[in-house]
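Only one chain is shown below, in structure tokens, and it's the form predicted alone.
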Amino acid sequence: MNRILVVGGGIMGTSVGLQLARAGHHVTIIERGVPGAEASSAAAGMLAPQMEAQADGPGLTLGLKSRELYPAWVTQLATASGVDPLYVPSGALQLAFDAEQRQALEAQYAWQRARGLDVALLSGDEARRLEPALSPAVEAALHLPREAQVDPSRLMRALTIAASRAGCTFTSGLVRGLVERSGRCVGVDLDGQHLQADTVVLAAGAWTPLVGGAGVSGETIRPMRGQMAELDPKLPLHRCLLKSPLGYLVPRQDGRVIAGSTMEFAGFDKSVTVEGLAKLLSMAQRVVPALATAPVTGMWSGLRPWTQDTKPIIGFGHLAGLILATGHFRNGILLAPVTALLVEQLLTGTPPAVDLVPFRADRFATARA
């Protein structure tokens, strides 16, 4: 049984901790605040690798693998915790409002079809037959029927309970840095106290560069603020995830709609601004005009860990005994189950479920060289 310290109690750290505890390891999850209170709970909960992908490549492959794992994963979580994460295979529509955007959708349709993915190119009228509340200004849409969503706050509650019942210990405090001995990571400095471990998994999201000795610079991972708003039209207006060039709408089963998201480099400032909120509300009304009269029932922001190539860092660190699982940017919720599986495979020496070379931490140093 290995002693494992997981630094970060968000979606990534808790998922990894649960996976390793179920494998028989002694796991302690360290969180600077309340588990899941940062980017994890601030997310919209989209499980949409096809909608997020700009092109074919390793990022899409990773997302598709994780989307495939999701149904069984959330079923196990619900059974273990007694909390339903509200997984909904809602499908998605990616929208175009003019000729240039329609051409971009046509190109995306072509390469996704060539890869064998489930995708259809719809006219505006066909899209409105599927979702009647869509704006009459929509000229075309990609229908992505395999995309899905989950409720992030309920997912985090289910994960935390399941991890605790599996044997994970949660502790609070500030990890000042890693403890190194002869080129090996042997633990962490937690508020001046040294905690020992056979392996440290660093899953601290946007705060990863603040962990001393982690070997991850502030240029490699930066916090990107994403502002969000909750609208409540009382009755459901649409079922699919809706993405426009200006943002997205995520419908909850009770009728609420999550509108997101801005992308701003604002350091660790989580303010909700007039400018950001105005952009979200304008986008929502443009996509679904009936939302113009919906009350705004919530607004918040989260800090997502942006990397230079927008792909996560999953793999061994620069020290023996250190594994990195961070930098998941906008797709932390989506990539949680596959990342947890990959970390376990790294720990045991099992061939990884996907090629991890594109996600190595040292790829940025190699690119600079």
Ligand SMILES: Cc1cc2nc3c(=O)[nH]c(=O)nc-3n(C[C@H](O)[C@H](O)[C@H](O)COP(=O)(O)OP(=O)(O)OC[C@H]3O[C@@H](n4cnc5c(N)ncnc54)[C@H](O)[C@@H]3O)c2cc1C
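The first residue of the shown sequence is 1; numbering continues from there. Note that the coordinates shown come from a computational prediction; the quantities given were computed from them, not determined experimentally.
If you look for the form predicted together with the ligand, you will not find it shown, but the lines that follow are about it.
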{"property": "Heavy atom within 4.5 Å of the ligand in the predicted complex - the one residue of 162, 175, 142, 134 that qualifies", "result": "175"}
{"property": "Non-hydrogen atom contact residue 97 with the ligand in the predicted complex at 4.5 angstroms", "result": "no"}
{"property": "Touches the ligand in the predicted complex: residue 207 (any heavy atom, 4.5 Å)", "result": "yes"}
{"property": "Contact test in the predicted complex: residue 228 vs the ligand, heavy atoms, 4.5 Å", "result": "yes"}
{"property": "Non-hydrogen atom contact residue 324 with the ligand in the predicted complex at 4.5 angstroms", "result": "no"}
{"property": "Full three-residue contact with the ligand in the predicted complex, heavy atom 4.5 Å, for 43, 46 and 305", "result": "yes"}
{"property": "Contact segment among 340-348, 316-324, 24-32, 58-66, judged by heavy atoms lying within 4.5 Å of the ligand in the predicted complex", "result": "24-32"}
{"property": "Partner contacts for 238-277, taking the ligand in the predicted complex and a 4.5 Å heavy atom cut-off", "result": "248, 261"}
